[in-house]
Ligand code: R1P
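Take a look at this single chain, the form predicted on its own, given in structure tokens.
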């Protein structure tokens, strides 16, 4: 056998041996160092505070606002940077489109030490008084996706952690951006699930009624990941919330991709700084939960 073929066979064998050694269990897919199967991160690679955009390109935008950053991993739709924002250790990981991949990211980040998550997304408003460029801070989400239902009964609420809601509001006020706070609806379908026609105009009565029914119930708009992230975080005792840039309005039929995205990134980053300050106040006071009275202990 020619030597080049011997070398090729040996390389294949080595790759097979290495691959076989990497994942120790089909039930808990991580390598011997604890590196997670999808995100390819391990303990020490990520901070406790994590920003979760869907788009991998938005990870670059978010981390460009930091004091320092390093690319930790990029596998499939999951791109992860870790660094510091105003001195606070911070991570951002993209989740792709939809709740299934978002919860994969959440699961693996929690397993390597993160406990505080802010979705930084985009959405379509279903009220005429919320123009593109507005930020929506989700206080809770309607669970129209299927992922969270594989974790818990559908009656279980998808609610944001109050500390994250307050931190996002504080950040929005500090940065003087236009925002709303309220309920969002998370769907699995960008098209019929959000009242858009499918191919060749395919439509259903449920699709036709979804916007007026939700708007009548006080929901502000559609997105695709928040309810699963909020639900699963609550189950695991983690903190989660979301801030979304309105890039479309389904009532006025406006669609401006990218509108408000940089503002959402800035607010999310600043909210992490606020949370870190509040967490330190809690630590010094020996408290588990933040309340406004702790601010009197703030260092000047």
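Numbering follows the first chain given and starts at 1. Note that the structure is a prediction, hence the values are computed from the model and not measured.
Not pictured, yet referred to below: the form predicted together with the named molecule.
Novice: Which of these stretches, 115 to 123, 162 to 170, 144 to 152, 67 to 75, has heavy atoms within 4.5 Å of the named molecule in the model of the complex?
Specialist: Heavy atoms within 4.5 Å of the named molecule in the model of the complex occur in 115 to 123.
Novice: Are 55, 58 and 98 jointly within 4.5 Å of the named molecule in the model of the complex, each by at least one heavy atom?
Specialist: Yes, the whole trio is in contact, each within 4.5 Å by some heavy atom.
Novice: Answer for residue 223 alone: is it within 4.5 Å of the named molecule in the model of the complex, judged on heavy atom distances?
Specialist: Yes, contact at 4.5 Å.
Novice: Is residue 203 close enough to touch the named molecule in the model of the complex, meaning at least one heavy atom pair within 4.5 Å?
Specialist: The answer is no: residue 203 has no heavy atom within 4.5 Å of the named molecule.
Novice: Answer with yes or no whether residue 190 is in contact with the named molecule in the model of the complex, where contact means some heavy atom within 4.5 Å.
Specialist: Residue-level check for residue 190: yes, a contact with the named molecule.
Novice: Which residues, if any, of 229 to 250 lie within 4.5 Å of the named molecule in the model of the complex when only heavy atoms count?
Specialist: Heavy-atom contacts to the named molecule in the model of the complex: nothing from 229 to 250.
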